[in-house]
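Below sits a lone chain in structure tokens, taken as the form predicted on its own.
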Amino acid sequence: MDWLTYLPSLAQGALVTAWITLASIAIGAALAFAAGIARVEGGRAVSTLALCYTEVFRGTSLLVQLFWLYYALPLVGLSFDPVTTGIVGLSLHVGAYGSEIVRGALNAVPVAQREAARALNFGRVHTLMRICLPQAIVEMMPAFGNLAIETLKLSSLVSLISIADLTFRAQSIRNITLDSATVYTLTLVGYFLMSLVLMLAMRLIERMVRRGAAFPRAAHA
């Protein structure tokens, strides 16, 4: 029953992993909407800026990004504590990939609906908020659910910048006990349980979004 002695430390690491994952998903989603909308609705300069952000963070390794934020950025006088660095790095990564989800969903809205809104003298913001986004968000949810799960799995990389998350704690216990099989089995179970909870939460949110989108259509019918 030695494995029971591992649980308190692993549980503390799991809490850190959960916090970093949830914070990164929330901030990353905000960045994704900002960059995705800028790609579709922004002017040339704003769209180009959003494109550069997206391509840089999609085209480089997340691990290298974390190392750059943690080790290189302080050389120019800007430094964060490890947890903040991990959240910033993951958020920028999530935002870059999520922006493509937002852009694709907005572009999938039929052009005829935009033209009809223009004919009714709707402004661009009104068209975006009342016509395009409500439809696009429904289409985004499955992809955002997958991205959330991927963010949880990628969060294990923050252990390499001295954050005592679940992976870091598991590695520390393993180095002391040499009980690799038990420690890493418990770690796998921990990540799976967190993934399961996150998956169920995203499905619940998706169901609520679809139900909310259905009510206006029913009201207009």
Partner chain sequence: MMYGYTWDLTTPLTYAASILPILLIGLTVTLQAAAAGFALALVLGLAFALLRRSRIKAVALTTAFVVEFLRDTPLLVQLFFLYYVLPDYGITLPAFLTGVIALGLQYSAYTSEVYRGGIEAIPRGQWEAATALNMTRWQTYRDIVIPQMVPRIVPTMGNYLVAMLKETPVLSVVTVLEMLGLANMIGERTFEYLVPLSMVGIIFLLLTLICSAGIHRLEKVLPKAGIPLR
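Positions refer to the first chain, counted from 1. Everything numeric in this text was worked out from a predicted model, so none of it was measured.
Beyond the structure shown, there is the form predicted in complex with its partner chain, which is absent from this document and is the topic of what follows.
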query	finding
E41: touches its partner chain in the predicted complex, heavy atom cutoff 4.5 angstroms	no
4.5 Å heavy atom contact, S61 and its partner chain in the predicted complex	yes
F33 within 4.5 Å of its partner chain in the predicted complex, heavy atoms	no
I173: touches its partner chain in the predicted complex, heavy atom cutoff 4.5 angstroms	no
Heavy atom contacts to its partner chain in the predicted complex at 4.5 Å, residues of 138-167 in sequence order	I149, E150, K153, L154, S156, L157, S159, L160, T167
